[in-house]
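Okay, so we've got the same protein chain twice, two forms, each given alone as structure tokens, structure 1 and structure 2.
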Structure 1
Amino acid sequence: MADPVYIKIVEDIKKKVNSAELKPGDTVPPETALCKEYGVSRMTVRKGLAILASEGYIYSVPGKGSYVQKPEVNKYTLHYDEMNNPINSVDNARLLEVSIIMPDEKLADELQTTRNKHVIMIRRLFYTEGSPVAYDVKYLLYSKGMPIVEKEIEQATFQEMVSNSMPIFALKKRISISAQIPNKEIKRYLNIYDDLALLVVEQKLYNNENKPIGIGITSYRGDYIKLQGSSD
């Protein structure tokens, strides 16, 4: 083992947790005890414990001790890219419409704006090998520096549309995923003649003050999309 000492401490404690020798709620040995056990200084022990804490294995209570954390069993990491998913990639997009609209009440409410503020609406179709696979609508609060040049938005993802007017690190996103039956308009756009379900992904973008700046709704043909996530 050329591994540093704190890695050894991390692995030892992980092993104890995974083998149920340490159960959620149990106390981890105090830092001073671990110092003696491994023959290292306190900062080295603390480095190890910090890693365990950041990975969700333990948490510390000042004045009391460190405890084994209950794992977050329902948390998954999901990778969602408008144009790419594990079973399909969008290779082209066509702009159906881009226009400046006044939002109706529901949209104004969702964007936390008023009905007299301009909103950019963009409607597109995504294609794979010549076939339409998704219908996409986006609503963006108008702001300076925003591109309304058709060439620029035709192939752009949601982030790319706002990235000119906003640093990407400041962007927070929420998505919600649902299954729906297509309406007649979408059936026509996506060449759906039989029964086919849609996977609908709604994206909402926020600035770093948590004010919404845009909403996007992408309706994928169910046979052209699958989303994947994993724990860890």
Structure 2
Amino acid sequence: MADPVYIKIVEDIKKKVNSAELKPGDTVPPETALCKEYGVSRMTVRKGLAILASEGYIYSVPGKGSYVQKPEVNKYTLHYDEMNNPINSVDNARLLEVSIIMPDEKLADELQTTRNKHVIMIRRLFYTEGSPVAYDVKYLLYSKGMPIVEKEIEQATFQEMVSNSMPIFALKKRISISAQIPNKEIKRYLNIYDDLALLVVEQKLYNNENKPIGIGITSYRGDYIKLQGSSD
């Protein structure tokens, strides 16, 4: 089965951009010209242009037309899986603690809640072949009657922890990464006896109203993690 015509429009314009036939700032052929060239309706052309805009190839100026977007040369897509990375895989997790706490001012501000609202704190250790490789802390907004099943929490990813209250596909996620020197507690948990740095990954999960519902902070031994990204 042949691809829909709007997909052909998308691929043809992508080819012209990628071959530099169309350069950043150049005008994309107007809708009327594309309708005539491909023998389709304006609606079909607009569907193709919308895909190109969503993928960052073009942008539109009301009343003027569409133009080739300047590429974001410093933009990368980073793949992050807290249980697996290019040089290591977590094969076990041990639950250290699950408790309901009152957040301090910083945590309350991060979760956009008040200090008198309960928060679930989950602390775990991640292991690879019996060696501790990461110290993990999660904070989730608590609601009355919310089930806390320790056996399920122990091996779950962050997204799986909130999947009962919200579909995973509806989650919005943000991530920040930093190198940090471990404190005494984390050194003890991860069997660190020298100045080995940690790679600390902080995840924030948001609902479809862009309200935070959880924060996760995973501190990996620097010799057990590698992150990769691409500009594709």
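Source: prediction; values computed, not measured. Reference numbering: structure 1, starting with residue 1. We call the rigid core whatever largest set of C-alpha positions still superposes within 1.5 Å between the two forms.
- Each of the two structures shows the same chain on its own, and it is structure 2 that derives from the form predicted alone.
- Of the listed residues Y206, P71, I186, Y38, the one positioned at a hinge between rigid parts between the two structures is P71; the rest lie more than 12 positions from any hinge.
- The chain behaves as two rigid parts between the two structures; the smaller one is rotated by 17° relative to the larger (C-alpha superposition).
- Once the core of the two forms is superposed, the Cα of K23 has moved 3.3 Å between the two structures.
- Here the two forms are laid over each other by their core, and the C-alpha of M43 is off by 8.5 Å between the two structures.
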